[in-house]
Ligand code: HEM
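As structure tokens, one chain now follows by itself in the form predicted on its own.
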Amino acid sequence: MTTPDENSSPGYATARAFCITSACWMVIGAFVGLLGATELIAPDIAKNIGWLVFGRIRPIHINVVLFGFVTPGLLAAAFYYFPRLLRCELFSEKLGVFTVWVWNLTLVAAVISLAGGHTQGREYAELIWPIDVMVVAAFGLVFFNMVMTVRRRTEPLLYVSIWYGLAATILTAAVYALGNVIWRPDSGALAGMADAVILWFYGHSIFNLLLTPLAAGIAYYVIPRVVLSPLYSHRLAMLGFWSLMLVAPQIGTSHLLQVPLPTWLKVIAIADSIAMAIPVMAFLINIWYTAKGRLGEIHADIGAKFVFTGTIMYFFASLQGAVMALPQVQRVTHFNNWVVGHAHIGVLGFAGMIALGGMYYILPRITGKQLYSRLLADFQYWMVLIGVVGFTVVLTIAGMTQGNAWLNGHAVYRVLPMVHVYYIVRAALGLMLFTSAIVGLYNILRTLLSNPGGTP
């Protein structure tokens, strides 16, 4: 099955705007993350500065990386391949650019409110009600632009990347509204255990129903184009899509195995965590078999190199996630740095790598000129790769140390000195990622703003 023939679609103003958004917020997100990592080494570094304390820095880092860096980077590529796969122009570039302004205004409001201590106090769902409304509106605008482009298409086949892009935007708008209890502006929460269930329905779905579909859509577009080979199997791609839609929403309760929830709800979460092997392997087999014997072409294209590496990270993140859902494993891994390492390999290693790859792939094609510096792009690739692998290894070791110590009855104050050295290494790796973000921003801006330097 081949991707449909591409036609020229001028402008790409929306894709450009999302590229700049992603690159800028990656710098901010990496800096805030580095600051938070530094505070874990020296807790008094932000003493008496309320808006810089760790309790405010952490949600800023999470929301900026999620909605500021990764999601806009993925959407940048989506707004490039949608009109090309559908053989028509984007429904409205003006609406797209307006959406980017709304998106950035929402992010600025989120950072200011969280730094000021205005929060709902719910993990991954910290933003206050007015900002929740803005987030849902932004996703609604993205979906409307995409679905109206689909409506005016001249290509009868809806390639799998289109399915993933549409599902990610509309489902995220719905899941975000539900998970943030948007119909209760006063509290943004339900009462008791019901709130924990719906919170983690959102918390896990924001990865499985937003980042995963958008990243998969990019991989399904970029890899066949770069290797000049038909997609291995469109049927396998659709199996991956529908199985993801079926099993992913129920996984969130796996974060609540230690709390008094009905056993049947926990069993469903554990079973579906293991069943995620179906959509994951359907996707990976499809991509890897498409690229089989053509890794040289992937290595030659910096965008494809980022994307393909992201698929490898997805394998490890998914394998780790399935194991972590087992109750016997969670006795050791829950509530410690193991989970933080898992989050980094999923969000940064998988979705972040593919977001960067998507942007580097489309930049020469939306500007009509070569990437400003392949050397800088390769430098960023290795810095991110070393950083995310280092994070995973270091935080996994720290998490195992914490988990086993707590399981054996050691007090927290005895455990902290054991993991201090790992926090130092973590901060050093964070500095690498912050440096890579600055390099990426410079490379992307120079590519977008400099005069044409050659044929892409």
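In this text the structure is predicted, and so the values were computed from the model without any measurement. Numbering starts at 1 and follows the sequence shown.
The following text describes the form predicted in complex with protoporphyrin IX containing FE, which does not appear among the structures shown.
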In the predicted bound form, W51 touching protoporphyrin IX containing FE (heavy atom, 4.5 Å): no
Close approach of Y124 to protoporphyrin IX containing FE in the predicted bound form, 4.5 Å, heavy atom: yes
4.5 Å heavy atom contact, L433 to protoporphyrin IX containing FE in the predicted bound form: yes
Partner contact for H334 in the predicted bound form: protoporphyrin IX containing FE, 4.5 angstroms, heavy atom: yes
Contact stretch among 229-237, 172-180, 358-366, 207-215 - heavy atom within 4.5 Å of protoporphyrin IX containing FE in the predicted bound form: 207-215
Residue among A343, A109, V150, A291 with a heavy atom within 4.5 Å of protoporphyrin IX containing FE in the predicted bound form: A343
The single option of Y80, Y202, Y314, Y159 touching protoporphyrin IX containing FE in the predicted bound form, heavy atom within 4.5 Å: Y314
R84, A377 and V439 each touching protoporphyrin IX containing FE in the predicted bound form (heavy atom, 4.5 Å): no
Stretch 48-82: residues contacting protoporphyrin IX containing FE in the predicted bound form, 4.5 Å heavy atom cut-off: F54, R58, H61, I62, V65, F69, V70
